[in-house]
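We begin with a single chain expressed as structure tokens, specifically the form predicted alone.
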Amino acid sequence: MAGITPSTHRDNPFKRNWFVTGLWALLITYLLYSVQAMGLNWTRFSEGLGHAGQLFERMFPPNFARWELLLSGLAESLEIAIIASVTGIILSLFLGLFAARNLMPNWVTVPMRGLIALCRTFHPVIIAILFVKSVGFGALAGILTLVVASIGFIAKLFAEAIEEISLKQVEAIRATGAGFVSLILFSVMPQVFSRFIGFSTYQLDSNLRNSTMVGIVGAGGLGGTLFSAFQRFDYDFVAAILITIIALIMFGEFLSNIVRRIFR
């Protein structure tokens, strides 16, 4: 139109955000400082590769001559993982229900969520050390450690899954005059059961791995055998133990796939 002069000024759609740029610069500066402060360099890394090559040479071929000791530690790790998983799953089922804020009042959910967060606070190795000091060396300390780890993982996810359910089914069951137990069984569990099975199978797989790890600090299982072999510089037996642990983890993955197929 006549009399209207088009504007020559246009906003840059790719205008730099100086705050974000500053954050990236700060992160890169801190990263470089951390690398320098910890003495990380290529020489140290290349020397480590050389030592690793010598270690692998001493580990092969694996020595399965003490297969009885190997099977004994493997059986104990399996027992620790299965007992801890079953116990932790059952406890997590109730704790997750009580921690769901759409089903329970605040005076119930707040302490339950605090307990779940406490179980999730520390690494299993730290918890294992505490239980070893409390109940002594052996499988009991490992079982208690993995029960705590299971609660910290499953109960949290189960509570969050319950909070995402449709309340229409809950109101429909409640309108029939059903009690609290029937409400849980017929309106809540059908909506979260498949996810709960997924959480449980993952935790079983995790406990199979952790049952070998907590043994390093004396909480039973194959980890104790592995730690003793390292102390004796018995590296060919170490290789045999590591192969057994890999087989154990693969068995756990196979078992998890079967459970998922059954409850799909």
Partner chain sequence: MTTASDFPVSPNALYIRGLKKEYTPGNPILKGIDIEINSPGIIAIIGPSGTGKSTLLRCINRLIDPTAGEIIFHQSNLCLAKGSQLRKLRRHVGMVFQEYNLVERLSVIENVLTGRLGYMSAWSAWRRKFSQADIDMAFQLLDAVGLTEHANKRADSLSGGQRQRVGIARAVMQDPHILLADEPTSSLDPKTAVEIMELLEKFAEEKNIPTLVNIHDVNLARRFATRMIGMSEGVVVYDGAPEGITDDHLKQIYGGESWLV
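Numbering follows the first chain given and starts at 1. Note that this is a predicted model, so its numbers are computed, not measured.
Here the subject shifts to the form predicted in complex with its partner chain, a form of this protein not shown in this document.
Site annotation in the predicted complex: the residue of 130, 110, 86, 178 reaching within 4.5 Å of its partner chain with a heavy atom is 178. The contact residue chosen from 139, 161, 173, 74 relative to its partner chain in the predicted complex is 173, the criterion being a non-hydrogen atom within 4.5 angstroms. In summary, the region of this chain contacting its partner chain in the predicted complex, judged by heavy atoms within 4.5 Å and restricted to 76-84, 187-195, 102-110, 148-156, corresponds to 187-195. Taking the partner from the other structure, its partner chain in the predicted complex has no heavy atom within 4.5 Å of any heavy atom of residue 121.
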